[in-house]
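Okay, so here's just one chain, in C-alpha cells, the form predicted on its own.
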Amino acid sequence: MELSYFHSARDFPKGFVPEYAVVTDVLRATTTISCALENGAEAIETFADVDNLIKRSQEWPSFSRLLLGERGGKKIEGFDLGNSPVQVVPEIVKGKRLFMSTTNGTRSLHVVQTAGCLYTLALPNRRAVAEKLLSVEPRQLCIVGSGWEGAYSLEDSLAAGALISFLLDHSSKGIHVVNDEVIAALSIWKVWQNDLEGCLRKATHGKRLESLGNHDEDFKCCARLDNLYVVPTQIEPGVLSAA
C-alpha cells in the first residue's frame, strides 16, 4: 500500500484522483458524521457552499431532513444543528437525511470526492476504518486532513497518525510511506496516544472552541478511541452512508 498524508484540502495535489481516500476533521465534522450514522441517520450530504446546501435540501421532504452547519465554530443561523457530535442523538437523526456544511471538513471531502473509494475518519471509528482498509488492502491510500481555513491542525495529524499506526501494525502486505507527513503524523500519535483529549485541547482549534463556550462534552466525545463501528462511505459524490 502506497500511503500519503496531506494536511488540508489546500495541500492536496490538484487533479490527482486517488484509488482510496480517507478524510479526517476531528474537531468536529468527521466525528459528528460518524456519530450521526452510528445513531441511524439515513445519509449525510456534504457541501462546501451553504447556498448549494439550502437549494438541495429543499428537494427533500421537510419531515425527513436536517440542516447541520457551522462557520467559525458557531452554528449557522437558521440551521437545525451546529457541528456537535453529542447533538446527533438517535431521537433526532434516525432515518433522516442530514445536509451538512462546515468551515473545513466538507472542503476536504469535496477535493477528494472523485476518489475510487472515500471514507471519513475520526478517533472513535479509527479501528473500524483501519479494519475496512486492511480487508481490501488498496494499492494506494491518501489521508487528507482538514486543518483550519487551509492551515495545519494538530488534531487531524493525531487522527491520521492513529490510523497509520494501526495499519503499520496489522498490514500483511506492507506499507510504502510516500511523504514525510506520514512520519510526522505517526510521531504525533506516539507522543499523545495516552492523552487524546489533552492533545485536542492543546491544539489551536481546541483553544478556539474553548473560547466559544463550554464544549467539554464535545471534547470527550471526539477524544474517545475505537468505540464506534461505522465506516462513513461515499456512495455518490458528496453523499456519505454507513458501511
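Since this is a predicted model, take the numbers as computed values, not measurements. All residue numbers refer to positions in the sequence shown, first residue = 1.
Although not depicted, the form predicted together with a small molecule is the subject of the following passage.
The partner is absent here, but in the predicted complex a heavy atom of Leu209, alone among Leu209, Ala43, Ile188, Ile54, sits within 4.5 Å of the small molecule. Taking the partner from elsewhere, Gly73 is found to have a heavy atom lying within 4.5 Å of the small molecule in the predicted complex. Interface membership of Asn83, defined by any non-hydrogen atom within 4.5 Å of the small molecule in the predicted complex, is confirmed. Not displayed here, the small molecule is kept clear of Gln113 by more than 4.5 Å at the level of heavy atoms in the predicted complex. The closest non-hydrogen atom of Leu27 lies within 4.5 Å of the small molecule in the predicted complex. Checking 167-175, 137-145, 118-126, 97-105 against the small molecule in the predicted complex, the stretch whose residues place heavy atoms within 4.5 Å of it is 97-105.
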